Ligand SMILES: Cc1cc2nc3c(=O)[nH]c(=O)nc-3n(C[C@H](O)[C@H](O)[C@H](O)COP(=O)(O)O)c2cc1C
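Before any questions on binding or motion, here is one chain by itself as structure tokens, the form predicted alone.
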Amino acid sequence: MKTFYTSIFITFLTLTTFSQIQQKIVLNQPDTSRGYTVMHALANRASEKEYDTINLSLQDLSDLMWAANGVNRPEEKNRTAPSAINGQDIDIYAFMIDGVYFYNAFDHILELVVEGDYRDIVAGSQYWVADAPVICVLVSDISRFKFGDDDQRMLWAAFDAGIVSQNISVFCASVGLATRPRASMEIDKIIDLLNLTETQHPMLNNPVGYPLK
């Protein structure tokens, strides 16, 4: 009987832990000592079309998020990617096999937005993109720009998304991951899935994975 209750307790603990992991992924501190030099990374940068389906390690996932648009000067609340008039308009949504997560850069955690695998709506007709274990969807909230009309704000949003995407590309080239910048995705479905407001615009996406050997 004691063995039975012990087994029940372990099962409950495992399920509870799994549930907590699904709701919030606490990321490791970024390893800023890893990778090639910037010049070596630029020499190796390439847009890859195929990805291994193996999940990224927690350290690779953590470093990816931080390199893309993490907080590198906490005292000033500034980021690894510059943004127009410091609007910090770009949010990263990580589409993964078990759900879509929002990257909370200031707490350096991934927060569950919706459960389930929705990588296919980012891949669109390029179905093989959905093999990547992580697809980073870059969403600009243009309401964070304190002035300018919508046309100006959308232009700034495009610049800022491009910078974050380039951060991802250089990081991946530096540590041996595969990625490519993409504008193609099913935007209306993403807006509905993430319950985005009219000022939030999916701009670009970067599938990320280990190279397919």
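The first residue of the sequence shown is number 1, and the count goes up from there. For clarity, every value in this text was computed on a predicted model and none was experimentally measured.
Omitted here: the form predicted in complex with this ligand. The next part is about that form.
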- 4.5 angstroms heavy atom contact with this ligand in the model of the complex for residue 46: yes
- Query: So in the model of the complex, does residue 86 come within 4.5 Å of this ligand, heavy atom to heavy atom?
  - Reply: no
- Item | Contact label in the model of the complex: residue 194 to this ligand, heavy atom within 4.5 Å | no
- Message: residue 190 versus this ligand, in the model of the complex: is there a non-hydrogen atom within 4.5 Å?
- Response: no
- Query: So in the model of the complex, are 68, 71 and 79 all sitting within 4.5 Å of this ligand, heavy atoms only?
  - Reply: no
- Task: Could you tell me which of 182-190, 28-36, 140-148, 60-68 sits within 4.5 Å of this ligand in the model of the complex, going by non-hydrogen atoms?
- Result: 182-190
- Task: May I ask you to list the residues of 102-128 that have any heavy atom within 4.5 angstroms of this ligand in the model of the complex, in sequence order?
- Result: 126
